[in-house]
Every structure is written in structure tokens, then in C-alpha cells.
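Okay, here we've got a single chain as C-alpha cells, the form predicted alone, with questions on binding and movement later.
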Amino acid sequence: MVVAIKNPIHAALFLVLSFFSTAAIWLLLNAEFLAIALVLVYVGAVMVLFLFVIMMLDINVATLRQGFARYFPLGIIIAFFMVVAMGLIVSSDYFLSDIYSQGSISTIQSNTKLLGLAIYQDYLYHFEIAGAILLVAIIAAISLCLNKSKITKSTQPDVQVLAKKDDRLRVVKMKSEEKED
């Protein structure tokens, strides 16, 4: 429905629904941290931003949908192959394994705790280097946006009130030109 629906706001809301569905699948796979991160980051921040941008833009849906019918048969063929591929994957023996019920590490400790231990013990220096690179990137983006050549013009109401017509307006008298036939 995200791709097929005509209203862009409804399409964004269907994308929110698909994010919640993906988070539910991750919960079923015992990946609690990924599920909550998806809901908080994508649904909570990115999709709210998308919705605000879509609502602020004046999108003419009729011009966007002009070529839709021309590509519809190709879309049906691609959708058919995707359904066949998903059916082959789901019907395979990959999802029949009993890895989650055999008392693996995920039952001893939570995934969030294991992820925290991996980040802050095994990959601490990598994590700190990534944080420093992100800090440099943020500082570079801010410095690029704050260009020194921009001149800010501020108004001074006391000077504007004291201005006279003769100070601002100059009438120039010129001879008009005549067209030659």
C-alpha cells in the first residue's frame, strides 16, 4: 500500500505500519533491541519528519500518477516473482531449525545486555573512534553551513523613523526616446 496508494500522507502512514510489523517480527526473533530501535528511530523521528515535509509540500498527485498505468504490467510481473521468491524462502528448511529453543546464549542474557557488552568491552575503541568521526562530521557540517560571507542585515527602527524623503528618493528627468518606423 505504500507504493500503490494515491494519497502521500496515507502512504507514509502505511510505511509506519510496515515499520511496526517489522518490529513485531524482530520481537518474535528475540531481537528486542532492534525492534525498539526501529520503533524509536524510524517511527518516532524519521516518519514524523516525513509526514511534516509531505504536509508542507503542495503535491499534485495527478501529475505524479500519469505514467502509472504504463508500468503497471511490469509491476505485476515483478510482484509475481517476489511472491514466488518469498514462498521458496519460507517453505525451505531454514526456518525449521530449533536454534532458539535449545537454551542458547540468548536465553541466559538478554540481547540488549549482550549488545552492550560487545560494544563497550570488545569493540570499545572502535565505538569511540566512530563517535569521534561523527563529532568531526557534525562540526564540519555546522562550519559549512555558517558561511562567513553572508551579510546579515538588521533593521534599526530609530534610523528608519528619522529618514526623510529627500534622503531616499532621487527623481531623474530624462528625455523619452521615440521609435523610428
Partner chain sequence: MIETIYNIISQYILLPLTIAVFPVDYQTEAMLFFQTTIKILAIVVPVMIAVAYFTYAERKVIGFIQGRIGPNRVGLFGFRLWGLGQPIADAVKLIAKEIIIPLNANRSLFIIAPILSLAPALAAWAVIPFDDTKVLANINAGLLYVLALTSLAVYGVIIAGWASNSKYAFLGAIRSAAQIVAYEIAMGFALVGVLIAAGSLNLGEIVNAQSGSVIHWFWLPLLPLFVIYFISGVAETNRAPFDVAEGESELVAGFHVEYSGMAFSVFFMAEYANMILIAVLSALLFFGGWLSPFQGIIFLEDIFSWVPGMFWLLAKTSIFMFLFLWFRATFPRYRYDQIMRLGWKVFIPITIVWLVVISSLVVIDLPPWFS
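Since we're looking at a predicted model, the values are computed, not measured. Positions refer to the first chain, counted from 1.
Only in words, not in the display: the form predicted together with its partner chain, which the text now covers.
Using a 4.5 angstroms heavy atom cutoff to its partner chain in the predicted complex, all of Leu40, Met47 and Met55 count as contacting.
Among residues of the shown chain, Ile9 is one whose heavy atoms approach its partner chain to within 4.5 Å in the predicted complex. In the predicted complex, its partner chain lies within 4.5 Å of some heavy atom of Gln160.
Looking at Ile25, you'd find every heavy atom of it more than 4.5 angstroms from its partner chain in the predicted complex. Contact annotation for Ile36: at least one heavy atom lies within 4.5 Å of its partner chain in the predicted complex.
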